[in-house]
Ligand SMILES: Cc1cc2nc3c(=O)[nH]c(=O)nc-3n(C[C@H](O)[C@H](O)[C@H](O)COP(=O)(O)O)c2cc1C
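Before any questions on binding or motion, here is one chain by itself as structure tokens, the form predicted alone.
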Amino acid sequence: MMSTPLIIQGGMGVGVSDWRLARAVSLEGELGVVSGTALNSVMVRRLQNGDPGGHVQRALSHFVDSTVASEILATYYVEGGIPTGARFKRSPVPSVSPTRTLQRLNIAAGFVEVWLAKEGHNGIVGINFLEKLQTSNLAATYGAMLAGVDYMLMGAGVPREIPGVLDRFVEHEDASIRIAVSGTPGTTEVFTTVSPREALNTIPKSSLKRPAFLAIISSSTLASHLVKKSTGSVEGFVIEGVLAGGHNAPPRGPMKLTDRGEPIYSHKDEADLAEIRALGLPFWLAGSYGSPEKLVQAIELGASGIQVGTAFAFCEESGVAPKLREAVIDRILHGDIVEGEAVFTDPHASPTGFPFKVVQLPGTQSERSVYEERPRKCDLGYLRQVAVRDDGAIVYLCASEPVEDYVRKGGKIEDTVDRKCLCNALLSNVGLAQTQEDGYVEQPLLTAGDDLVHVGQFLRPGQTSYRARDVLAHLKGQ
């Protein structure tokens, strides 16, 4: 494996850990990571905003297929940006059989984000994917590899087939993964495939570099399974505890809630580090490890280092909209965000059924009144679940879509209670909110780890903001 980092910057949300943040961390000698979630939507909305700085256009000018790059610009680029309040033209919705147009868009989006993060330096850059986004990950993975991505990280599932995908993309070969389905009669299996040679008019003549694969997991059992059963090599693990932001693994056993309504975890939900050390692969600890003391502790436990998300999510280079970032830091400085109340581990918010950490911030969907004002709509579809009906037809369900649609397609009405549209909310977090046909503007829903209250440790006296290098220097005791 290439240079082993001490600190991995978390691959967060939609556009939070964007190319600017990953680049800033990489330039400091650690592993900067871009988020691979909804990259196609992020790219096309940046273009429709006029592509300030010309960054997307610059990256596309280096894309291997100039025809595809030109088609994307002709379809989505708006010089000067769309008017305030205008609707964004959407990327096609993901499916198990993506059109050639969608595959090209996803490949290009993966390329653009990684290329910009790596532009002009030799630092290491990774890309992070959610395994649950199976219908959109493959093409973006190939695009990231075209840009020379060094690490690939994946969590929120069992990414057993991904190492083999990386091996096949090295030689530009077709790659497929099995799609997790519900309501499957008999032994019906559903696959999704990406063929680089069919998607693009031009591909490189030489082989690509295979990125090191790090699985983001929460148990030693899964780590052992991936080492033994993956279709290719696994180079290490990020061991993510329940205090980490975003999606958390559900508690083992029946779901029980605290008086506040949060899932109750126990020692059974802690990874056995002795068993993980015995596998002989590097690992990093994550989930409220963003302090110098925790870094020392991780090394003493045999880890190669730590993964840190929340501290980077609120630094200046983060993709979080400045007004949201500033509001959170202001509340921390004034003592309005306190430990135990700043973040709520919501067992219902995510349509995936996984607990999801929500920052309690006025004016966002953390407030019930703001959530209830939103007309239910599913127009992006990244978190849709694939189901097979009795007649063999494939349908797509999202527990956050209109209730009548979900039930009509075979979903249970109780699964829809308090579900939130994370796809639209997370794009709103980074200033790319959609204005819907009825005039409704999508509202944000911030996520962070439980150590949000400690973000003030990175602020120098008199300052109200900090940079990625300040986080790294503080963590290293510099």
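Throughout, we count residues from 1 along the sequence that is shown. Predicted model, so just to flag it, every value in this text is computed and none were measured.
Just so it is clear, the following notes concern the form predicted in complex with the named molecule, a form of the same protein that is not shown.
- Contact with the named molecule in the predicted bound form, defined as any heavy atom within 4.5 Å, is confined among 114-122, 250-258, 303-311, 374-382 to 303-311.
- The partner is absent here; in the predicted bound form, the one residue of 147, 130, 399, 298 having a heavy atom within 4.5 Å of the named molecule is 130.
- Note on the partner interface in the predicted bound form: the residue among 288, 231, 219, 352 having a heavy atom within 4.5 angstroms of the named molecule is 288.
- Of the heavy atoms in residue 442, none are within 4.5 Å of the named molecule in the predicted bound form.
- Contact check for residue 244: a heavy atom falls within 4.5 Å of the named molecule in the predicted bound form.
- For the chain shown alone, residue 451 is a contact residue for the named molecule in the predicted bound form, at least one non-hydrogen atom being within 4.5 angstroms.
- By the criterion of a heavy atom within 4.5 Å, residue 21 is excluded from the residues contacting the named molecule in the predicted bound form.
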